[in-house]
Ligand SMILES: NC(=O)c1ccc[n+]([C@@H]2O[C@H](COP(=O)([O-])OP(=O)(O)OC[C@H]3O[C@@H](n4cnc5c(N)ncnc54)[C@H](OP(=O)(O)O)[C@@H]3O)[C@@H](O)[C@H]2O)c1
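Below sits a lone chain in structure tokens, taken as the form predicted on its own.
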Amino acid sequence: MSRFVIVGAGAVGSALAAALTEQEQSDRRQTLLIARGRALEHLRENPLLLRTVTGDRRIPLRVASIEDATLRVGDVLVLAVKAQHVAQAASDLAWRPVFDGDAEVGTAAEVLPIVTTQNGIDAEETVARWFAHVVATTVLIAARYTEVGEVRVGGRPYLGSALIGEPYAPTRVTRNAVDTVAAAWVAAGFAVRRTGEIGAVKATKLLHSVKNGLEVLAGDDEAKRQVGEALEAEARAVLEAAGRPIADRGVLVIDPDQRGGDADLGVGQGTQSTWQSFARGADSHEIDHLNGEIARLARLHRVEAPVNTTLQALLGAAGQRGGGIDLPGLDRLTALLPAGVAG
């Protein structure tokens, strides 16, 4: 019996694990969630509380640490950690043995497919340092994880949606993994579309994600809207200078009837992944892989990206001070807007 081995027990990883676990009886595919710290301790003793628009349910999950997990032929690794943890997770997994029964047949990096789910555009390049069989997804899910053991998902009629593709030369293993993921995630309540331009799709999502950090800042919504437009325009110019293809924004809409926000659940606009990290006071966040990726490409290709680099600096310093929300600094960003735009 094959398994999904989901690495990372945050909002996306826990929601996926819960949805797939609920489908186990019908599709005969097990799910193992790799967790750490407080999440691992809690989920070993308690079911996950999954709160959705259709109601609450408590779902017992199979959980393990990376060190305790035994990998086997047929496993599909789903990397659901935040972008800043991708390299560490990939290196921790890469050389773990994979078994066929009692026989060791190779390492995870050689044998198993790994599926990325991160915002940004660098996760696939990172895992390719180790893994031979890389599958990429762009996941769109209105999920909130701010309390250990509880995940809220506001999506309807689907839990969320995902675009999936092979970012590099396809292999038999990646082709099979795409088929497996697409079928299982649809059965678990996701809208899924395959694409031959997954890199361009992820670049399009990045144009939205560079604005996530604005949710952490205090200030006027109109000023945030203006700064958001500047962040996106600047990011697009940098991606074009770097020769990165960008898909049409409409590609992210798999079903026009899909809705993500739900006020009763406290899920939706204003509380996305970066906000959740800062609200929890997490010791790390993904800004360096969103606005920081634009800053990196700008420097490599000798173009300017002052709005993205300033937001990265603001939130980088705030993160070192312990995070939080309603932070100061919006005025530094509005000061960068062209004359006649701000105000």
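Residues carry their position along the shown sequence, with the first being 1. Keep in mind that what you see is a predicted model, and the values were worked out from it rather than measured.
A second form of this protein, the form predicted together with this ligand, is not displayed here; the remarks below concern that form.
Student: Each of Val81, His85 and Glu286 having a non-hydrogen atom within 4.5 Å of this ligand in the predicted complex: is that the case here?
Tutor: Every residue of the candidate spot has a heavy atom within 4.5 Å of this ligand in the predicted complex.
Student: Spot the stretch among 110-118, 174-182, 224-232, 192-200 with residues whose non-hydrogen atoms come within 4.5 Å of this ligand in the predicted complex.
Tutor: Result for this chain: 110-118.
Student: Counting non-hydrogen atoms within 4.5 angstroms of this ligand in the predicted complex, say which of Leu48, Leu297, Ala305, Ala35 makes the cut.
Tutor: Checking each option against this ligand in the predicted complex, the one that comes within 4.5 Å is Ala35.
Student: Could you work out which of Ala89, Val98, Ala247, Leu239 is the residue within 4.5 angstroms of this ligand in the predicted complex, going by heavy atoms?
Tutor: Looking at Ala89, Val98, Ala247, Leu239 one by one, just Ala89 meets the 4.5 Å heavy-atom criterion.
Student: If you check in the predicted complex, is Lys205 within 4.5 Å of this ligand, heavy atoms only?
Tutor: It does: once this ligand is placed as it appears in the predicted complex, Lys205 has a heavy atom within 4.5 Å of it.
Student: Using a 4.5 angstroms cut-off on non-hydrogen atoms, would Ala11 count as touching this ligand in the predicted complex?
Tutor: Yes, Ala11 is a contact residue.
Student: At the 4.5 Å heavy atom threshold, is Arg280 in contact with this ligand in the predicted complex?
Tutor: Yes - in the predicted complex, heavy atoms of Arg280 and this ligand come within 4.5 Å of each other.
Student: Is Ile66 a contact residue for this ligand in the predicted complex, using a 4.5 Å heavy atom cut-off?
Tutor: Ile66: contacts this ligand in the predicted complex.
Student: Need the contact residues for 138-152: heavy atom within 4.5 Å of this ligand in the predicted complex, sequence order, or none if there are none.
Tutor: The stretch touches the partner through Val139, Ile141, Ala142, Ala143, Tyr145.
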